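Presented as structure tokens, the chain that follows is alone, the form predicted alone.
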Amino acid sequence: MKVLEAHNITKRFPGVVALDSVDIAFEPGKIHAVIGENGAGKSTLIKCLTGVYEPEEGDVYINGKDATKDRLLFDRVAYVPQEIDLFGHMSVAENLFIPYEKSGIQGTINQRKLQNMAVPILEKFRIPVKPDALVKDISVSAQQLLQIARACSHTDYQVLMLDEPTTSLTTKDTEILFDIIAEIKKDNKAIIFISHKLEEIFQLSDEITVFRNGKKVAYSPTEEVDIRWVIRQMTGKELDQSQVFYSDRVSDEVLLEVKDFTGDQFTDVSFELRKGEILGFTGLVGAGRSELMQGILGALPVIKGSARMEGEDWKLGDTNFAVNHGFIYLPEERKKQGILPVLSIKANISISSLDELMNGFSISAKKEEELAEKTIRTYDIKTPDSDKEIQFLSGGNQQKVIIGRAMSCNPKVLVFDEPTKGIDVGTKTEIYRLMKELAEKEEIGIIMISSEMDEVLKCSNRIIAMYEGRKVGEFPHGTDKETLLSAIIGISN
């Protein structure tokens, strides 16, 4: 019996058919991977299957009953979003059980009861935190596992829907999550697994459904297909997975020199970046890679150390100085820190160039539109117009907007922090090619922070490995994966 089914689902938005006559079904005791490029319709499908959107055509059935007529049936679907969606200033226990019952005349919360109830759940999901800890004080990995535990704490759920669940997890926590998913599968729950990491799809899933341009284009048991089949179905073409994207025009000129940088989460780190080079930084989550770059940017304190840009001394602790002198940081958390979600694409592009767009005492609408249209053309941003709110673009197109905005500031160094996080395999290749072109044609230095080993190996001219805040190795292009892995887990060769 199918526990969750969608029949002939069609959902339209102005100018776009997001889902086109989609049929899909999910069985208890199976892990069903739903994959596709950004904009393929996966997010819209999720919202139709959880009752957030009501389709113009078609029906959703849960346990054989029409959920569009009895919306309480949607409570049987537990959904875990990709982004962290917790209350940081509340405790772990409070986040687990919200909304919770209050008692007494004053409507107080029995904290001891909540914490006692939380302990076995935290143990089951192997989350090494105390129930009274504030969520803002626990690691991102623990927060992601906590979201999953919260979704599963509803005992009447029959379907667990996981959207990119490993994006913020360490390798160890990913293994823990996969063990937990296997246990949930044994409990005869249907699991919907959405991920752009194809190796995870093949490691975990029993069956695969592929979406492209709002349509379901393929289905297969996982054991009957391979990665090439998946990529071909997702993109409609063959992609060469052996391509490399490191720069062919690295100068001998040192662009950025960092010496003995020490901060709260990095210690005695030194490195050089040359013009036209793509310098990869790899390591486990928490290795100090992002914090090091934020120290150069001036967003985090540097206790000791020095830096020089093109031979000139670098001013620490001043983000305005850093940006004005060509050091631009593109953050990992794109939706929280990289975009202004409710503003238009045009506003997101122009916000860093307002001085150049002024016409007297006001912004020139003509200049702003010209800049937006030029950026959309140059970076092949998929959108009907520049007035569309950026939150409705795919992750890959949001990233292109951020890159275009950064390039309008005439950077000397661009830092890409997890540049393809949450981006599909086809668009990943576009981002890699774009980084290569910027390094070669614009002669800027690119620093790429990535937890994806294949990404680092494909794109980097040199690779710096970090472990527990320290630089533990520097490797040329062509280094094998085993050597890098040994370095980032603290094993000396």
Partner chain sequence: MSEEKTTGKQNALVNALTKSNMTAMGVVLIILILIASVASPYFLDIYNLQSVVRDLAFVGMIGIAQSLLLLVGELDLSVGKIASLCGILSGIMMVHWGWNSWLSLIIALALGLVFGCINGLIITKLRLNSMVATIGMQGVYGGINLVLTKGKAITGVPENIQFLGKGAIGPIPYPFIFCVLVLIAVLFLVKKTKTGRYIYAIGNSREAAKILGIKVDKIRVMIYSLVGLISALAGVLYVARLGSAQSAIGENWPMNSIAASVIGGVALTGGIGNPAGALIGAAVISIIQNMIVLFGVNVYWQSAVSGLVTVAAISFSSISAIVREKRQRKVKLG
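Residue numbers count along the first chain shown, from 1. These numbers were taken from a predicted model, which means no experiment stands behind them.
The protein also exists as the form predicted together with its partner chain; that form is not presented, and the subsequent description refers to it.
Next on the checklist: Using a 4.5 angstroms cut-off on non-hydrogen atoms, would Asp248 count as touching its partner chain in the predicted bound form?
Outcome noted: Output for Asp248 is no: heavy atoms all beyond 4.5 Å of its partner chain.
Checklist entry - Is Asn188 close to its partner chain in the predicted bound form, meaning a heavy atom pair under 4.5 Å apart or at it? => result Looking in the predicted bound form, residue contacts with its partner chain do not include Asn188, since no heavy atom lies within 4.5 Å.
Item to check | 4.5 angstroms heavy atom contact with its partner chain in the predicted bound form for Asn95 | outcome: No, Asn95 sits far enough from its partner chain in the predicted bound form that none of its heavy atoms falls within 4.5 Å.
Checklist entry - Looking at the partner-bound form in the predicted bound form, is Lys336 within 4.5 Å of its partner chain by any heavy atom? => result Heavy-atom contact with its partner chain at 4.5 Å: present for Lys336.
Checklist entry - in the predicted bound form, which of the listed residues (Pro221, Pro341, Gly88, Pro81) lies with a heavy atom within 4.5 Å of its partner chain? => result Result of the distance check: Pro341.
Next on the checklist: I need to confirm a contact call. Of Ser168, Asn397, Thr282, Ser350, which residue comes within 4.5 Å of its partner chain in the predicted bound form, counting heavy atoms only?
Outcome noted: Filtering the options by heavy-atom distance leaves Ser350.
Checklist entry - Heavy atoms within 4.5 Å of its partner chain in the predicted bound form: which of the stretches 361-369, 140-148, 204-212, 285-293 has them? => result Partner-contacting stretch among the options: 361-369.
Checklist entry - If we check its partner chain in the predicted bound form, which of the residues in 305-331 reach within 4.5 angstroms of it by a non-hydrogen atom? => result Thr319, Asn320, Val323, Tyr329, Pro331 sit within 4.5 Å of the partner.
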